[in-house]
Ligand SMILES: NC(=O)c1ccc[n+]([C@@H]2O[C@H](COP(=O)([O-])OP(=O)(O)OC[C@H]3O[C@@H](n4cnc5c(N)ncnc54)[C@H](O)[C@@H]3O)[C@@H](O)[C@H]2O)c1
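One chain follows as structure tokens, the form predicted on its own.
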């Protein structure tokens, strides 16, 4: 019975930023549980490669739409297309798309001089895009009276960045990342109370930093901040994604779930 509850048979799950590091993993986790991942991204080459891999590994026909999630018309057109193909099977949305600039000596993010165009661009993708997708796809879930929305925050959606982690690179973690990752939690809470009676659940996950060959001094500093004494690996979020999309989490709504090795307890 428990194993059956974790199955995602025929559930169609939309993943924004699906061609990115986490998005690709989420798509493969969904396919591995017999769900149908739908990737939304602007990176067509990478997305097509992921779809091919999923077909070869799991025998699942995943989908891809080249879509700017900050454009409401484009997102609406994706829904129209998906309704023709699936409609009743449309069940899940993972709001994953966001800018996460990597530490670089070439990038200057001082708050005093932070570029307004950069602010607007990153807020537009991370928050406005998530709002548009929640509004459009969530409305369909509400009509179906069933759905699960996962909003991807971060350990830095709970606490402010410790800038000394980047000091050896003369880099400053930008304000936009904190604002987006804190704001996405509010989107979850609102969606939870707004659509809860219509069978649509909204939850937040807050992953810790994923190891991806970052600067070794940065990694050493960060490990000291984490009780588990390591950064996350890409597979550490598999279980929570499956759980929140499956019938096993039917009563989980409005939750904030940290998966950060304990970093945010400090």
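Numbering follows the first chain given and starts at 1. This one's a predicted model, so the numbers in the text were calculated from it and none came from an experiment.
Although not depicted, the form predicted together with the ligand is the subject of the following passage.
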property	result
Contact segment among 85-93, 186-194, 153-161, 134-142, judged by heavy atoms lying within 4.5 Å of the ligand in the predicted complex	153-161
Heavy atom of residue 67 within 4.5 Å of the ligand in the predicted complex	yes
Interface membership of residue 125, the ligand in the predicted complex, 4.5 Å heavy atom rule	yes
Partner proximity in the predicted complex: residue 31 to the ligand, non-hydrogen atom cutoff 4.5 Å	no
Proximity of residue 244 to the ligand in the predicted complex, heavy atoms at 4.5 Å	no
In the predicted complex, residues of 17-50 near the ligand [heavy atom within 4.5 Å]	17, 19, 20, 21, 22, 23, 40, 41, 42, 43
